[in-house]
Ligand SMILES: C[S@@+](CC[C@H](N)C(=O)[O-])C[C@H]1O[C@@H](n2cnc3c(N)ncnc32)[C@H](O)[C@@H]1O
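Presented as structure tokens, the chain that follows is alone, the form predicted alone.
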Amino acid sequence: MALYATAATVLAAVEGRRGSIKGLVYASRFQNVKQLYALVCETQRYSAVLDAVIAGAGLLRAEKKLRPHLAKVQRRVSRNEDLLQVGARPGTASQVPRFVRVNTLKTSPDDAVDYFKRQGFSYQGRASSLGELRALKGKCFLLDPLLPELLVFPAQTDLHDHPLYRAGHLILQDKASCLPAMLLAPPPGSHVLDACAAPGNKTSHLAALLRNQGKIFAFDRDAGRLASMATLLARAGVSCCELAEEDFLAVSPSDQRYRQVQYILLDPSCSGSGMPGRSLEEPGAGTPSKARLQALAGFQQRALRHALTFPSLRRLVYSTCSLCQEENEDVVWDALQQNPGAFRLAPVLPSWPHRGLGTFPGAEHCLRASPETTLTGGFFVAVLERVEVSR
């Protein structure tokens, strides 16, 4: 037996009122009534499950109305996608275009372009510069110059009610957030580990790159976020992913299930200091303190060191939506020092304009992103690859 909350009950829970469980509607997704009851009652802890509740009940329009209320709750969540933007200059978030990743598990970029053209949008072809993206207005859109499956619309374009989005053919995902899976580049048939996977956009991107051939082991220790992620992956047509409610640090690299894992994506909890457009009510409220940065960096270092111990690992992408050196270059340098000669930073995207801070030799191989320099959200990406030993 399973239950879904109505929008009214969810809104009451978010605002701290006593929502009536009698307003819950039957559905077939959850297997444990007590667990769902706990998730709804502890909304502030499990806010992300509201996404799954609303989507599963077919209440996507209600979801849009609930976003201001959900933002209050999400400020108390520590995962990347739930943290608020800090540090960007006022107005920069409004300049970032609406990036839309075409889900190639369900359709093709050409078909998506044709659909939008039939809806009266003007397709301008593949962009050749950031200036073209910045100049987008009205019902015009472009193909991104770097990612062949990424469409670019003017800033503030709202596609949450678009039929292709609701059907899982489109994923609303910032360009910088698409870089980790693209740079990991696992070939079809590979075994991939997504260490801190929820809410699942990067996981669905990995599945598209794999063409649903192979295996993705995705971990997250929050049951609510996994519930939301399961809904997203199902809507996206992902069939090669195995979800586990487990702390990645507790996953044993010697477990035989992971003996073929050669690719790892690690996008751990971070300060979220690079996320644009999230300071909805209290600008600056999410500014990370020194103590918080130290705590986050400590976890990130442990997670990256742990990931590098998987015996068959060949390539790993470490990413954050943080602007802070403590969570980015410092974490990568720590990992390289802990594994001297075993891994190296791979030189990727030489034309990318924003590089890592020059805090150690080779840091220029890391990528940074920001609204000002790349017209995206703030992000950091490093690609580590195992050094092949000559025989």
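Just so it is clear, the structure is predicted and the values come from calculations on it, not from any experiment. Don't overthink the numbering: it's just position in the shown sequence, from 1.
Omitted here: the form predicted in complex with this ligand. The next part is about that form.
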Can you tell me which of 109-117, 95-103, 306-314, 199-207 lies within 4.5 Å of this ligand in the predicted bound form, counting heavy atoms only?
199-207
Between T231, S273, Q301, S269, only one gets a heavy atom within 4.5 angstroms of this ligand in the predicted bound form; which residue is that?
S269
In the predicted bound form, the residue from K215, R221, R134, H162 with a non-hydrogen atom within 4.5 Å of this ligand is R221
Touches this ligand in the predicted bound form: F153 (any heavy atom, 4.5 Å)
no
Contact with this ligand in the predicted bound form for L170, defined as at least one heavy atom pair within 4.5 Å: yes or no?
no
Residue contact check: A195 to this ligand in the predicted bound form, 4.5 Å heavy atom:
yes
Looking in the predicted bound form, any heavy atom of D247 within 4.5 Å of this ligand?
yes
